[in-house]
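As structure tokens, one chain now follows by itself in the form predicted on its own.
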Amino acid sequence: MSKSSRIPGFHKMSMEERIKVVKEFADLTDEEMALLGKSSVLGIDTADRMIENVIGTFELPLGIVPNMTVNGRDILVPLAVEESSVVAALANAARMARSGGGFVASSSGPIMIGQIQTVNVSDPFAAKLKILEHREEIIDLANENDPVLVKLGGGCKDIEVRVVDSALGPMVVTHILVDTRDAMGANAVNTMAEALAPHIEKWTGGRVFLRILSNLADRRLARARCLVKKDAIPPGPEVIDGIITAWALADADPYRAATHNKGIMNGVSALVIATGNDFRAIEAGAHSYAARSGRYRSLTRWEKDENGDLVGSIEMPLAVGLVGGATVLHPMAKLAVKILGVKTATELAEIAAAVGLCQNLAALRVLAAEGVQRGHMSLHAKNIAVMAGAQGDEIDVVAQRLVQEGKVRVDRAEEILKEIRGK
């Protein structure tokens, strides 16, 4: 008999009641049940307030990347990530980048975009101008909804209006440009957009549908660059040409660019998660920005200067905040921010950009030198050893054998483990 996931009032149940329902639905064992209904750091009551239908929490390893220098300041970077090679690769690349002084980062300021979509407009281009004629009024109306943000120096700063062709005909889309200061800004921007909707309908005679923030935060860009001395890149200067060649393929071919940019986000998203920010928004903004030319391309650029040294740069949207959300609710997120030593969202965004560039350096160097499998598999082999049942010192012994043989598989790990225990 099939089970139904239609559970009326599930969100109104106590956590214990929800866990009981899940236990019966999924046939959980007592050992599995023991993992639910608790939290080591966040606190189960806090978790229950953060989202609906909580039955427990989910942990990720939190690692520290040493060797990072950003804008002349040495920092330790906390990363929350499950992929075995990310932290080690970043630490190694950060050490290489120190040869040229580390990373220099800058940003364009914390401007977010709110979109107001107007349809059923018979004269869309005239409607565009009507909206622009009310620019000052729109800015004032928007800012009435967040006087605290305005007092801090933020708020709606400008507007722009676009006529967008769509499958349903032309739509008039108004953008409000909001300085959100140290907040990511979604709630502030959405509230302003909601308040403006009836006014725009009155001025245009159209109907407003969507009133929401855009995650293509191309007015909130973070940038970083680095110079890596040719003698600081193992196994030698000849790797530089390989790095540039690998980057060139990513910039020309979306099939390669997808994996190339995913590697960048390995570092960026891990930092964003560690600080309690919205990594889905950051991912969406990064990938859409990579396609802004009409073709999906690399977020980075790698060149060789007149001395033969490697020069890298990155530019991407990074709408991170230090105010609101999990950043101020989650104890580990607050701790991560303290470890970073950042005081503003702009600083955090600039470090995130440097981390993305550093991660890309690490990946391209491996690809140009020994290939991705060698470095990745040496770390992955330990996970495979654990999956096979290895414990304590057995883990390193099994992992080394797997790498030496070039057979990083669970079945082979189980065989090696039997041999070790047999002896």
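Not measured: the values here are computed from a predicted model. The first residue of the shown sequence is 1; numbering continues from there.
Another form, the form predicted together with a small molecule, is not on view; read the next lines as being about it.
Colleague: Which residue, E194, E83, E303, E137, has a heavy atom that falls within 4.5 Å of the small molecule in the predicted complex?
Modeller: If I apply the 4.5 Å criterion carefully, the residue I get is E83.
Colleague: Though the small molecule is not shown, can you say which of V70, V65, A385, L364 has a heavy atom within 4.5 Å of it in the predicted complex?
Modeller: That would be L364.
Colleague: Can you tell me which of 109-117, 154-162, 262-270, 344-352 lies within 4.5 Å of the small molecule in the predicted complex, counting heavy atoms only?
Modeller: It is 262-270 that comes within 4.5 Å of the partner.
Colleague: Answer with yes or no whether H287 is in contact with the small molecule in the predicted complex, where contact means some heavy atom within 4.5 Å.
Modeller: Residue-level check for H287: no, no contact with the small molecule.
Colleague: Does R223 reach the small molecule in the predicted complex, with heavy atoms at most 4.5 Å apart?
Modeller: No, R223 stays farther than 4.5 Å from the small molecule in the predicted complex.
Colleague: State yes or no: in the predicted complex, is some non-hydrogen atom of H330 no more than 4.5 angstroms from a non-hydrogen atom of the small molecule?
Modeller: It does not: once the small molecule is placed as it appears in the predicted complex, H330 has no heavy atom within 4.5 Å of it.
Colleague: Can you work out whether R256 and the small molecule are in contact in the predicted complex, taking contact to mean some heavy atom pair no more than 4.5 Å apart?
Modeller: Close contact exists here: in the predicted complex, R256 approaches the small molecule to within 4.5 Å, heavy atoms only.
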